[in-house]
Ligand SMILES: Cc1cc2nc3c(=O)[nH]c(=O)nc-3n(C[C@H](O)[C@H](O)[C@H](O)COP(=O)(O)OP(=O)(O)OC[C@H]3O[C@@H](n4cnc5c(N)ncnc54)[C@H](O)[C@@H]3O)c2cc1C
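There is one chain below, alone, in structure tokens, taken in the form predicted alone.
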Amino acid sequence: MKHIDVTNVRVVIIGGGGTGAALAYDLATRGFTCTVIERGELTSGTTGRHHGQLHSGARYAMGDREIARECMEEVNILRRIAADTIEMNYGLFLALTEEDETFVDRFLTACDEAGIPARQLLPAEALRYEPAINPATRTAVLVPDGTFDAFRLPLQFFASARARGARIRPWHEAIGIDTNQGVVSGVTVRDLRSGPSRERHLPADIVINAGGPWAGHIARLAGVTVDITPAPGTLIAVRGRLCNMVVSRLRPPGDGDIVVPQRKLSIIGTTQWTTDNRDALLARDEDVPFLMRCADELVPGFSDQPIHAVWAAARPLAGAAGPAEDGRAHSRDFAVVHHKGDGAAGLYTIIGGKATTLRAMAQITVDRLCSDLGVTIPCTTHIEPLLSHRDYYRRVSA
């Protein structure tokens, strides 16, 4: 087998969110020459708009044990390597009705089978853990959920990647993916920073499309079709930290069933629908009173607090949605697609995924890339602590 020096393999990542950050770090630790481009500020897409829950996997355990297990494994890894941006405040799943209570045994079994520590609590116990919850709670389950800063965690990966030689270029928009005889040769980018816009060619041996809900549009730059369902949801933040734990409804995942504390705010989320417009997402007016009612059921008095912000974010769900589908049935798993058979060898697209598993998604993607190149370089991103997010600003942008 021909030896390949990966320091000579040029990789361009399109997308400066959490996935792009983790990819850059993984690639840099394995020795690849790597550049990240993002058309806006870093994390300005979906990454910077979610509620920042660190999922133990309990939410997904009933539907997919393996996804739930992966979440739990990544929670433990992130607690080791990125403790600065994580608040391990745990979570409570509340049964508020008789119907909710019928879900308890199956939920506990699913968590156990996924390797998630979960413990049923009596109402009085749950209220001692979290006095703000609904006093009508019939039973609750304690799980190792947490929260993280949706901006600072990716910035830790970016800072660590750049310290290992990666180039991070916000305000650079991909306007073309160039190919030569069915093989990618680079990315044409437009520099959107102050002054007249400039276009340039970034040579690349490999291009990774990590555009989330925009991945379909990015793939079309190379003449490739990728089915992505952008599934927006509305979130509301009110002023005041009403609870210290993540509070969820004990039932199958649905709309308005999670309250997440973030610093001095409390966030209720989310709803879900599908859209063709990724760039002009507005929260639906009808979602606000609905979410407020849901929040009050979990944490009474939530709706009495001043609203800090109402916004929408689009999940990048794998596959195409049907005409009446809202995306809830789509898997939260992810896939890596190599477009070699589409006339764009060297172009990889990441489809789907979750914020909690950003590091694992990067590892699986780079493992696939190494396998395709015929090289064996182990992943080490689960071992060494990341640099502080502040280190990103202590270095001049490359």
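A residue's number is simply how far along the shown sequence it sits, counting from 1. Predicted model only: the values in this text are computed from it and were never measured.
There is another form of the same protein, the form predicted together with the named molecule; it is not shown, and what comes next is about it.
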If you check in the predicted complex, do Gly91, Arg119 and Met245 all have a non-hydrogen atom within 4.5 Å of the named molecule?
no
Which of Ile218, Ala95, Leu298, Val238 has a heavy atom within 4.5 Å of the named molecule in the predicted complex?
Ile218
Of the options Ile267, Val143, Ala314, Met72, which one has a non-hydrogen atom that comes within 4.5 Å of the named molecule in the predicted complex?
Ala314
Would you check, heavy atoms only and a 4.5 Å threshold, whether Phe302 touches the named molecule in the predicted complex?
no
Contact between Ala24 and the named molecule in the predicted complex at 4.5 Å, heavy atoms?
no
Flag Lys354 as yes or no: does it have a non-hydrogen atom within 4.5 angstroms of any non-hydrogen atom of the named molecule in the predicted complex?
yes
Is Glu173 close enough to the named molecule in the predicted complex to count, meaning some heavy atom within 4.5 Å?
yes
Which one of these stretches, 53-61, 339-347, 362-370, 27-35, sits within 4.5 Å of the named molecule in the predicted complex when only heavy atoms are counted?
53-61
Scan 199-228 and write down, in order along the chain, each residue with a heavy atom lying within 4.5 Å of the named molecule in the predicted complex.
Ala210, Gly211, Gly212, Pro213, Trp214, Ile218
